[in-house]
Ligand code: HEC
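A single chain, nothing else alongside it, follows as C-alpha cells in the form predicted on its own.
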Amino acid sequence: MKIALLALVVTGGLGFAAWQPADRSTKKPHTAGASTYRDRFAQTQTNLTATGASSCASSMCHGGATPRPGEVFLGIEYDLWYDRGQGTHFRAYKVLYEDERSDRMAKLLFGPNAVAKDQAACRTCHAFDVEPRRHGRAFDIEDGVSCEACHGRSEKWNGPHQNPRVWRKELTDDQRTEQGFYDTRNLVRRAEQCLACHLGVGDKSFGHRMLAAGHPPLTFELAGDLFNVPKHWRDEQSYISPDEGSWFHVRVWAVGQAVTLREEMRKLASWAASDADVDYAVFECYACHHDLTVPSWRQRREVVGKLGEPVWNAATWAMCGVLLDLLTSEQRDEIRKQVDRIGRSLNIRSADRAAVRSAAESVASLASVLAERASQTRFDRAATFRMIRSLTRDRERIAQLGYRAGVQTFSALYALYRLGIAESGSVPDNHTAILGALGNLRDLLYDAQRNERAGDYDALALAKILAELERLLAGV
C-alpha cells in the first residue's frame, strides 16, 4: 500500500509571521469559555457560510499568474494548491469516485449499494463537507480539501484579511478567530489541524474497520510531509525567524511528534472513559499481520505483555522519547512511567480502563508541555545530532516495537538529518556514508515506488542499520 504523505499546510495568504500584536480588544469574545483554540474555532463555524475556493482565486488575490515579489503572500497560492488538477488535497474528493478501491471500501463498510462520495464518514476528511444551507455561490465540494477546510469558513474574514495592516496589526488573535479564521502560522495549531484527518480526531474518526476495508494506515510526520504537498506559502523561516534557517524543520518535526502523541493519548483516554470495545487500530498492526517465516526475528525478540496478545502501537512515543532529555528532563521519569503503565494495562480481552485513562491523560498533559516547549525552542546542530544519536542508541527497543516504529524512525532521521543538518550547509566529512545508511533504511521499509514493505520487515536488520549510523556519527 502507498504510504500516506498528505499534510494540511496553509498560511491564509499572509505568511508565517510569529509576531502577535498586543490585545487591543475590550470586547470579550463569545468563544472565551471554550477550553482550547480548536474549540473556540469550532464554535465560530456553526453559523458561517463557506464562500468556496474560487472566491480566493482572483488574479488580484491568490490566483495570479506569477509570484508577487516583496509581498508577504505569494499571489499564486490557488494554482499551486490546484497543481494542474493533480494537487493531493484538491483530488481528495475525486478519489472517492475515481478510485476503484474507494468503491470497494464503501461497499464493504456501508453495504452493497453504497457509494463512497455519498458517505459522511468519507467526505469528512476527503472534502470540505459543509451543510448545503451554508454553501456560498462559489462553493463546490469538488474542490476537495480546499482553502476553507484549513483556514475556516471565510464569510466574515475574506474581506478583512485583504488588508494586511488591519488583519495582522490591528485585529487580535481572538478577533480573527471570532471571524471564523484558523491561524496555521502557530506550529502547534498547524499540527492539530493536520491531525484532525491524518490521525482521525473527533468526528473524523478512523479505526480498524477502515483499515480492514483496505484504507491505508494514517501516517503523519509534519516536517517531511510539508514537502509532499504543493507548496503554496513562502519559505517558513523567512516569517518565523530570519536566522533560524534549516533548523526550522527540526522544530517542525519536534512539534509534530509531540502534538501527535498528545492527540493519540486524548483519543485513548476518551475510549477508556467509554463502554466501547477497544479498537484494534491502537495496536501495532504487524504484531498480528505478518508472515510466518523461518527463521524469524520475532522468535528472538523481547516479549512485551502476554505472548500472542497484540501490543500497543507505541511508535509515536518512541520518537517523542528523544525529546525528553532535551526539553523536559524534569518530567522524563514520570512520562516514561505512565507510558509503561499504558503498555501493561491496554489489551484486547481485559484492559484496565481506569489505569489506561489515568495514564493516557497524564501523558497527554505532559505531551502538551513538550509541544509548547518544542515550538519555542531554537534548535541547532548540536541539539539535532544529540537527538539522532539518542534514536540510534535506543535501536533495540525501537526496532522491536514493530514496522510502524521503523517508519517513524526513518521519518525522524529524514527530518533531522536531511532537512536539518544537510540543508544547513554544515555536514560532517562522512556525509555521503551517512546518506548511504539512510538509503539502506529506506530500502528496508519501502520499495522503489515508495510502497510499504511491511511483510518484509526485520527488526534485527533495522537495528543493524541504526548501529551503523551510530558508528558513523561517533566522531561527529
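Only a predicted model underlies this, so the values are computations on that prediction, with no experimental measurement involved. When you see a residue number, it is the position in the sequence shown, counting from 1.
Below: the form predicted in complex with heme C (HEC), not depicted.
A single residue from the set Arg381, Arg168, Arg373, Arg298 has any heavy atom within 4.5 angstroms of heme C (HEC) in the model of the complex; that residue is Arg168.
This chain appears without its partner; in the model of the complex, the one residue of Cys197, Ala399, Ala360, Cys320 with a heavy atom within 4.5 Å of heme C (HEC) is Cys197. In the model of the complex, heme C (HEC) sits beyond 4.5 Å of every heavy atom of Arg251.
The closest heavy atom approach of Val188 to heme C (HEC) in the model of the complex falls outside 4.5 Å. The closest non-hydrogen atom of Cys122 lies within 4.5 Å of heme C (HEC) in the model of the complex. At a distance threshold of 4.5 angstroms between non-hydrogen atoms, Thr184 is in contact with heme C (HEC) in the model of the complex.
Remark: none of the three candidate residues (Arg262, Ala272 and Tyr446) comes within 4.5 Å of heme C (HEC) in the model of the complex, counting heavy atoms only. Only one of 327-335, 388-396, 104-112, 134-142 places residue heavy atoms within 4.5 angstroms of heme C (HEC) in the model of the complex, namely 104-112. In sequence order, Val72, Phe73, Glu77, Tyr78, Trp81, Thr88, His89 are the residues of 68-90 having a heavy atom within 4.5 Å of heme C (HEC) in the model of the complex; the partner itself is omitted from this view.
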